[in-house]
Ligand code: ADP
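One chain comes next, on its own, written out as structure tokens in the form predicted on its own.
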């Protein structure tokens, strides 16, 4: 295919601007390994221009826009994205690799996220504090200022909007750095925001590499808050970089999530949910169910059903709308293959997959892969693989299931399948994670806060909690 029509430019202060050093990198279709577009490689100079533009807008025109008008602009942005649903989904599929069906669902989620935050924009209010008749005391909620948003490649538009929309609703201005592997939908978002009337400088997009553009954005003294979704390794670096400046920080850093199934569970529902929870987006989901914890009495039946379903999944380029697309990059494919070799070397049993599909010699494809006979301390049971690879492990008692589920560094989500509500609520209390889903996976929605504990990060996104990331409380007291 021919290259896509994209300006080889950054979006700063409402304009398309070449990078300072005129260097570019290529965005590649992971299904074909063909180049989609050339994208500017921003550095600290470009980041400084973007942050200064955002600061000028924050104290200038954007500060005069009322909360209800901010909401109206966000609604218009949602409508404009909805009208481009197919175009944006195809772009995401080409740039990220995911099946078109999944990309369409992602765009629908983006619209819902923007609409939710649009509705909240004029409902962010403070409190009155009862200090007695002689003092009137109240609080204002004020926007932080310029906020930095560094997003990953697995849901490029969805995760960008997850933090950008509440920041704009709160009255902040934004500098967005998309992942270098999938930058195109962020650039398209900027152009759509310009079309619907957002003032210049309110939304800026700088493309580039994390160690250059991302690090410069985090360190910039005029950035007042940082939101990052990505690896725990990078998250630790960002914590260190923001510590000296004491910047507010929201981190979602991945997971090694347990889907726990008891003997009294609805096995058909649990297997069906597990297929989506493990292999959706080719396993490249922070909240994927990468560990199946199965009561020993049903382990054999569950694994048989699961492998039968998994073996029928179609692996194909995203535009062919199969069940799994490619992994995002050659490096990610090699990383997954390294973990598969590690599992075999440590003695795990490969029940399914583990190889490139024979009919797909190009692209970064991997078969659905299932390991059994896994010790909970093996690397494949402890570390995030971020690929269509799952481990199945048995347990005998509730206490053993809780111990195995919690004995990992991560703590993002977990799921429990049982008809015993007392057991389910006990697990909800004892599982060390930010979200617990009972008899379902990927529950919740734009209204429900999400986030992790331990190495999965801190802070919460979505819901009203997500908007409050971008607000600060000012107290005002009046002596009568």
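Since this is a predicted model, take the numbers as computed values, not measurements. Positions refer to the first chain, counted from 1.
Form predicted in complex with the named molecule: not shown, discussed below.
Asker: Quick check on this chain: which one of 391, 238, 91, 366 has a heavy atom within 4.5 Å of the named molecule in the predicted bound form?
Answerer: That would be 238.
Asker: Which residue, 354, 210, 317, 171, has a heavy atom that falls within 4.5 Å of the named molecule in the predicted bound form?
Answerer: That would be 210.
Asker: Heavy atoms, 4.5 Å, the named molecule in the predicted bound form: which of 100-108, 143-151, 256-264, 157-165 makes the cut? Say which one.
Answerer: Looking at the partner contacts, the answer comes out as 143-151.
Asker: In the predicted bound form, does residue 120 have a heavy atom within 4.5 Å of the named molecule?
Answerer: No - in the predicted bound form, heavy atoms of residue 120 and the named molecule never come within 4.5 Å of each other.
Asker: Using a 4.5 Å heavy atom cut-off, state whether residue 306 contacts the named molecule in the predicted bound form.
Answerer: Because no heavy atom of residue 306 falls inside 4.5 Å of the named molecule in the predicted bound form, the answer is no.
Asker: Test of understanding: in the predicted bound form, would residue 228 fall inside 4.5 Å of the named molecule by heavy atoms?
Answerer: Yes - in the predicted bound form, heavy atoms of residue 228 and the named molecule come within 4.5 Å of each other.
Asker: Taking heavy atoms only, is residue 372 within 4.5 angstroms of the named molecule in the predicted bound form?
Answerer: Contact with the named molecule, no.
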